[in-house]
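The chain that follows stands alone, in the form predicted alone, written as structure tokens.
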């Protein structure tokens, strides 16, 4: 069994008597990308600052590569590359000078710095800005610079706090590609974000934090099962059948199921919780062919991470005895809303 690269066991932290983290425990395997999500004030940034050594007083145990962060701080933090939510650089330095100084402080030899800094600047489309002063950079460029400094010493664990914030869509795609490359190279990644779709695109697992506690972690499929969400299917036609009424037929999708048109030729079906997705797929293909249509694609659809997050927060607040509004009941039958 592979030892986890990162372990948190019973981690708690309070400020002025107010608990921010309460008995937080989870593990991340080597080479895994772990998304850390939660509402504002849930304790995400506090967790990451503990890992990065910016917060040193807390209860519980944190191990990186088997090294206790409290008792082996220097050895543990040599394994980490940290990108804070707001990266602070000396604004009067040039991009290249700022990175060279930080790499030197991280113990990267001069000959390695001379190779690695230009390579990373080129990978992040910043090579042309190497001679610019940091204060001349846009917010998105500064954000990318923050990730570069975290990668300079090729850490085993990359800890990123809201790394996609302030980036335009092409830059977000680039960063996602880099995270996939790091995973392929064996780097373990822990990152928080409030942009759930971005976590959904790259994370192997997610941990949902609420009110300082992590009650669940897992893949999106694991969380779907845990929360009892109804199965969903995606259905696309190359030729639509003349009558689409079977999409709302309880005999096909189960009582309480519904179908929503995403495009004229594509539908998303929410099945009854007790429906067998395989049997429904078979019935959909049969009905489509019998109606003179042809199926281009049909299969199980993963639920949006936003839905899982909302469900978790709802259940967590109810368990805490808080009053929460009941979710609206879905409308029956196929519709375009």
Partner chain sequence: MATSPTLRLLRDELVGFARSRVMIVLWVVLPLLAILGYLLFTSSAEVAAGMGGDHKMSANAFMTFLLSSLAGTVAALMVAVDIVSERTRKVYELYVIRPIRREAIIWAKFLAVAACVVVACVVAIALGIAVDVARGDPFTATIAYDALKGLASLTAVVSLSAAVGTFFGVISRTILVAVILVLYVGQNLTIVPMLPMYFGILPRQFWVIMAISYALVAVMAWLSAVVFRRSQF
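Just so it is clear, the structure is predicted and the values come from calculations on it, not from any experiment. Numbering follows the first chain given and starts at 1.
Not on display, but discussed next: the form predicted together with its partner chain.
Peer 1: Considering only heavy atoms, tell me if residue 113 and its partner chain come within 4.5 Å of each other in the predicted complex.
Peer 2: Answer yes; at least one heavy atom of residue 113 falls within 4.5 Å of its partner chain in the predicted complex.
Peer 1: Classify residue 187 as contacting or not contacting its partner chain in the predicted complex by the rule of any non-hydrogen atom within 4.5 angstroms, answering yes or no.
Peer 2: No.
Peer 1: Is residue 54 one of the residues lying within 4.5 Å of its partner chain in the predicted complex, judged by heavy atom distances?
Peer 2: Residue-level check for residue 54: yes, a contact with its partner chain.
Peer 1: So in the predicted complex, does any heavy atom of residue 77 sit within 4.5 Å of its partner chain?
Peer 2: Looking in the predicted complex, residue contacts with its partner chain include residue 77, since a heavy atom lies within 4.5 Å.
Peer 1: Let me know the one among 156, 258, 93, 180 whose heavy atoms come within 4.5 Å of its partner chain in the predicted complex, would you?
Peer 2: Going through each option in turn, the one that passes is 93.
Peer 1: Just one of 100, 232, 222, 204 has a heavy atom within 4.5 Å of its partner chain in the predicted complex. Which one?
Peer 2: Filtering the options by heavy-atom distance leaves 100.
Peer 1: Would its partner chain be touched by all three of 9, 36 and 70 in the predicted complex, meaning a heavy atom each within 4.5 Å?
Peer 2: No, because 9, 36 and 70 lack any heavy atom that approaches its partner chain to within 4.5 Å in the predicted complex.
Peer 1: Want to guess which of 121-129, 84-92, 172-180, 240-248 is within 4.5 Å of its partner chain in the predicted complex, heavy atoms only?
Peer 2: In short, 84-92.
Peer 1: Going by its partner chain in the predicted complex, which residues of 26-50 come within 4.5 Å of it through any heavy atom?
Peer 2: The one in contact is 49.
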